[in-house]
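Heads up, the chain below is alone and in the form predicted alone; it's given as structure tokens.
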């Protein structure tokens, strides 16, 4: 498992993907932070994190599109499935590699808040809660992208499909207010990724939301494992 994890982390930086991802993530996060907080002299960081959720729709697929699609395209998939590691270890190692790069880039991007703390003094609990919340959202997004990547050998198709799914998951929260039926609205609120994130954005640690995001990650990792188990025995 560790060997696959190291191999995957190394692959991000021997190809342009890792550098493209980091450049886009840090450039956009710096611009968004400047416009929503520093430029406005505001201690409210909620708009920054809200916009970054939608930025993830673009950057997360860059991370995940190659995880399994590239293996199928390069015909190295069989080597992975016959390696002396379980399918579960192989899938988890790839997922953790993508999530490590995501989490690392997010933590480093927090330097954006240094000028804010020097001049505006925002509430640390709210900022810290939002960072934890957005990292949990990212973990779920990475798991979804990992699953989509396992379904196709076309990296572009994997990226576009992941983007579409993530956009849908966030968009349903905003169209929910226009639905007249309370029962339907309550269901959408319950499954809404955005709605669950709102508590963190107010500095509230919602343990049901933590369980929710962890469950999404676990479900899509499990589905990816099932895809490769069927492929192994079907081969």
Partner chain sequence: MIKIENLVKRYGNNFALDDISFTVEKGEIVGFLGPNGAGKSTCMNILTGYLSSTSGVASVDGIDVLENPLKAKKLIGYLPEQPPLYLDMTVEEYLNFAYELKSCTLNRKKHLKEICEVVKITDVYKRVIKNLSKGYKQRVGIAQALVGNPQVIIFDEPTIGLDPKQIIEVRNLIRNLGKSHTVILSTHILPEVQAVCDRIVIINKGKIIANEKTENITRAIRDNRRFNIKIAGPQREVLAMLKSKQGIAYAEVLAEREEDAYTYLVESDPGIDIRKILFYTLAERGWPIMGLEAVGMNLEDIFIRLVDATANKKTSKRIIK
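These numbers come from a predicted model, not from an experiment. Numbering follows the first chain given and starts at 1.
Note that the form predicted together with its partner chain isn't included here; everything after this is about it.
Its partner chain in the predicted complex: contacted by all of 34, 46 and 105, heavy atom 4.5 Å: Result no, not one residue of the spot touches its partner chain.
Exercise: residue 80 in contact with its partner chain in the predicted complex, heavy atom 4.5 Å: Heavy-atom contact with its partner chain at 4.5 Å: present for residue 80.
4.5 angstroms heavy atom contact with its partner chain in the predicted complex for residue 15: Yes, residue 15 sits close enough to its partner chain in the predicted complex that at least one of its heavy atoms falls within 4.5 Å.
Distance check, residue 153 to its partner chain in the predicted complex, heavy atom within 4.5 Å: Looking in the predicted complex, residue contacts with its partner chain do not include residue 153, since no heavy atom lies within 4.5 Å.
Interface membership of residue 226, its partner chain in the predicted complex, 4.5 Å heavy atom rule: Residue 226 lies outside the contact set for its partner chain.
Region of this chain that lies against its partner chain in the predicted complex, out of 107 to 115, 155 to 163, 140 to 148, 83 to 91 [heavy atom, 4.5 Å]: Residues of 83 to 91 come within 4.5 Å of the partner.
Any residue of 1 to 26 that, in the predicted complex, places a heavy atom within 4.5 Å of its partner chain: If the 4.5 Å heavy-atom criterion is applied to its partner chain in the predicted complex, 1 to 26 yields 3, 4, 6, 7, 10, 11, 14, 15.
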